[in-house]
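What follows is one chain in structure tokens, specifically the form predicted on its own.
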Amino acid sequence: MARPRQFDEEQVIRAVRDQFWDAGYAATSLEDLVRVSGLGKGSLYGAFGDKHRLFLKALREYTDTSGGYLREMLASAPRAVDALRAFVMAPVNDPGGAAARRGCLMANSTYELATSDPDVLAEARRTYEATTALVAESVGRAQDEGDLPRDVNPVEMARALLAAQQGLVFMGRTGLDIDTLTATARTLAVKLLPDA
């Protein structure tokens, strides 16, 4: 009979997720994963498989959690257009700029691995299509509320907003100062989502 696990799986996944997020996949060693998880090599791989499977599990946990936060944020806003503006401005929410420099784990992983890892490419497509669908729902709601024109295609607008937001994520990773990045985000929000 197998022994029950003596560790908190969610805590381990969060710890390795943060390691991958901070260092990237290629720069994260087995020793790094053992150190941050607090598990031995055998226990870590016995529970989660190899480095690649552990990475994919951490990435899926991140994207599912982020998707839940996005769904809640978009649905809870009194006006959909305000939620859409907040979505575009999200990469500059940290006044010190640390979050902008850290970026988004999914975006960072896409940049690093999507051309060489079909599993990461599939996760990126799944995530960005799910995000597009959520944002498109809010675009439709903003149209119903009279804040966006009816002739705007909700899916095309959602992709444009996602591209703008991910462009800000990328620019934040370059170390662009937070004031310049924030001004850029405001310009994008004003141009893409003008006041009615």
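So that there is no doubt, residue numbering starts at 1 and follows the sequence shown. It should be emphasised that the depicted structure is a prediction, and the values quoted were computed from it without experimental measurement.
Quick note: we don't show the form predicted in complex with another copy of the chain, though the next part is all about it.
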### Query
Does V139 make contact with another copy of the chain in the predicted complex, using a 4.5 Å heavy atom cut-off?
no
### Task
Determine whether any heavy atom of E156 comes within 4.5 Å of a heavy atom of another copy of the chain in the predicted complex, and answer yes or no.
yes
### Query
So in the predicted complex, does T115 come within 4.5 Å of another copy of the chain, heavy atom to heavy atom?
yes
### Task
Find out whether any non-hydrogen atom of G49 is located within 4.5 angstroms of another copy of the chain in the predicted complex, and reply yes or no.
no
## Note on the structure
Contact with another copy of the chain in the predicted complex, heavy atom within 4.5 Å, among L56, L134, L44, M171 goes to M171
### Query
Would another copy of the chain in the predicted complex be within 4.5 angstroms of a non-hydrogen atom of every residue among Q19, Y69 and M73?
no
### Task
Counting only non-hydrogen atoms and a 4.5 Å cut-off, give the residues of 146-171 close to another copy of the chain in the predicted complex.
P149, D151, V152, E156, M157, R159, A160, L162, A163, Q166, G167, L168, V169, F170, M171
